[in-house]
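Before any questions on binding or motion, here is one chain by itself as structure tokens, the form predicted alone.
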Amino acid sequence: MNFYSVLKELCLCPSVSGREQKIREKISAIVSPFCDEMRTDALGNLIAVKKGVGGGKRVMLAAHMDEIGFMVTFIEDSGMLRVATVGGISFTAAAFGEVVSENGVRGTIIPEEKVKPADFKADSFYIDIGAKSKKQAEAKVRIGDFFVLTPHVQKLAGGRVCGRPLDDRIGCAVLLDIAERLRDKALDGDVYYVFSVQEEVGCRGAMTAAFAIKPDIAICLDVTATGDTLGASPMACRLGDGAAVKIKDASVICNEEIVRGLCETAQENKIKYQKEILLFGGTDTSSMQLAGAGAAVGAVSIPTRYIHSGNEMCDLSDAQSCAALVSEYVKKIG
């Protein structure tokens, strides 16, 4: 598959947490040739399975389909829309951005007059869709509708891309790439490609999927922060330095054997990699670790600048390194 084309297709499909149907349909069509069976569970996770030839470890690879956004909570008489957040919104980054609803209604998200950036919060923001009255707004938008910052993807210099929501559509694209790489490989154990829901609101989907699958090994594919921007806190991860093998973040300490195995696999196959220690945040890694009787977990992250802003940035070579590393690791343990 053409990685950039797939990434762009996934990014341009607005699917906020709890409304992942459209992106799930796109991913289903792409992953179908690479798996033996596919299902959607009660929460909405897409689970594609490559069957093993017998008796090996059950491996779960997960990337989340959802993105952060806004939910309409009230419509003012003026036609302005009050909103609540869905996931971790930076209103400094979102202010004055163009937004689009799940039904294609466009507008802009605006802070109230005289509210200073230091005081930005959800109840001081509204969405202006251009409506002249509440009645006109209600003809286009309902309470409970979702909006997201307008999705877009653009190639930059040096093999890099910017846009949104790279978190975590680039992880989904990497997982699809892995599925294609493993399509014709005979592995002992089953491999479960899980495209999870509602990660941005509490890592919910991956936990229920892991509870049902009961994996022996689970690996998460998500973005991570970097230390290579001006004024950034010290961090070893940099764009262009390869796949980031997670050691820990604020929610998880990864399995030592998996961390070592991933690093050794990268060295054996001359795949660029770096080590990730994230002092804040978390991913589906922690929820898979604690589901049911638990699992040995690891994570391979795509270094990303400006996460949860209107313009996230990744290096496509890092994404390719992630896909190559996880593919080789799965073949090695399988």
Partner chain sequence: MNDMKNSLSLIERLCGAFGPSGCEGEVASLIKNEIFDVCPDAKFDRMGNLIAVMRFGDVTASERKRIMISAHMDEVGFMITEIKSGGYLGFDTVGGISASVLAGRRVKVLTQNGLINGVIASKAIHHKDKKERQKAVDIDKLYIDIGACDKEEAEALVRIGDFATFDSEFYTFGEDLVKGKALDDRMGCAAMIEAMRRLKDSPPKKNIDACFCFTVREEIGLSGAKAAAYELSPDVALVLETTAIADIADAAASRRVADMGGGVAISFMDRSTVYSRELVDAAIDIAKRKGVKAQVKRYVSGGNDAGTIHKTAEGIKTLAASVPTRYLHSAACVANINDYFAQRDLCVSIIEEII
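Residue numbers count along the first chain shown, from 1. Keep in mind that this is a model prediction, so the values were computed, not measured.
There is also a form predicted together with its partner chain; it is not shown, and the following applies to it.
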Taking the partner as it appears in the model of the complex, which of 149 to 157, 77 to 85, 92 to 100, 173 to 181 has residues with heavy atoms within 4.5 Å of its partner chain?
77 to 85
Give a yes or no for N311: in the model of the complex, does one of its heavy atoms lie within 4.5 Å of a heavy atom belonging to its partner chain?
no
Applying a 4.5 Å heavy atom distance criterion, does I109 contact its partner chain in the model of the complex?
no
Would R204 sit within 4.5 Å of its partner chain in the model of the complex, counting heavy atoms only?
yes
Interface membership of L43, its partner chain in the model of the complex, 4.5 Å heavy atom rule
yes
Neighbours of its partner chain in the model of the complex among 6 to 29 [non-hydrogen atom within 4.5 angstroms]
S17, G18, R19, Q21
